[in-house]
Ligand SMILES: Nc1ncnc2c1ncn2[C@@H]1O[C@H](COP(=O)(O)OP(=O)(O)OP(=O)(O)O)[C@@H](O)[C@H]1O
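First comes one chain, alone, set out as structure tokens in the form predicted alone.
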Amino acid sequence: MNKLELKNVSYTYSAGTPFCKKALDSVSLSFEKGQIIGLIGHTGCGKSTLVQLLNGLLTPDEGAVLLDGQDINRKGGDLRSVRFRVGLVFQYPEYQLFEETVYADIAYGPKNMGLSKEETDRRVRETVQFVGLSEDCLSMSPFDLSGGQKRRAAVAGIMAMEPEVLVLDEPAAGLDPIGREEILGGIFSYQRKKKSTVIIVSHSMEDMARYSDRLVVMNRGRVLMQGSCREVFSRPERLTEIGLDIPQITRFMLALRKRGIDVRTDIFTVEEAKDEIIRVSGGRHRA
């Protein structure tokens, strides 16, 4: 069942001027309920424009954005309600922290939804667990947190609204490996518990392979391909043609194949690679 859908959506920046640029060109795309969808593509392919269309921050020049089958930009529609239902986390969201305490910052969205004090408190305390912050941080100023903690607090602020669709634009950008694991692992745990739809924009093929149920590849404002991680990463030549990388472990398996070792190359996780190497070696190196 599709939770969110784009139908023949186009968007042009600075239309009618010498600086016009078509960011999206007749994009039709659906996001299924209860999945984590990875949105990948090189810089300038239209990913960030697309995610801003999903909750009405931008309005398409042509086409429609449908949430549960209804056009979010229809006349008489309630975009405020849409933005509670489709939560958007911008790249570097820590720059949007502004309250006196971490608690107040995370509680800002639920309060604006008109939730009770008790329900707001429940959501704040639950979401800090998802993002890996201790409750001791709640009484602190957000500006006294480390960079990684600020990022987690900002993500928690959107999670606390419990949107039906959570959209994140490069949520792990600039973080070290531990920080990436904490952020993305928390998002994964949140999605599995809430059964929400999660859309993640990322340049990291390893992250996308590990956490996504499905991938969408964009190029020059259009959808180039989509499918499971296995389906997409089994076409490495097509990905590299448009300037994208493939997971390191997939590259490793391709290198083994070039050396004459008969391994599968549609592999994108370390565990799968280990099992495949054990298989071709006849189980001789099983740990």
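Note that the coordinates shown come from a computational prediction; the quantities given were computed from them, not determined experimentally. Residue numbers run from 1 along the displayed sequence.
Not on display, but discussed next: the form predicted together with the ligand.
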Which is the contacting stretch out of 65-73, 236-244, 222-230, 35-43, given heavy atoms within 4.5 Å of the ligand in the predicted complex? 35-43
Ok, Gln96, Gln91, Ser189, Thr101: which has a heavy atom sitting within 4.5 Å of the ligand in the predicted complex? Gln91
Of His203, Arg180, Lys194, Arg214, which one comes within 4.5 Å of the ligand in the predicted complex, counting heavy atoms only? His203
State yes or no: in the predicted complex, is some non-hydrogen atom of Ala23 no more than 4.5 angstroms from a non-hydrogen atom of the ligand? yes
Thr49 near the ligand in the predicted complex, any heavy atom under 4.5 Å? yes
At 4.5 Å between heavy atoms, is Asp207 in contact with the ligand in the predicted complex? no
With a cut-off of 4.5 Å between heavy atoms, is Glu162 one of the residues that contacts the ligand in the predicted complex? no
Suppose contact means any heavy atom within 4.5 Å; which members of 166-193 contact the ligand in the predicted complex? Glu170
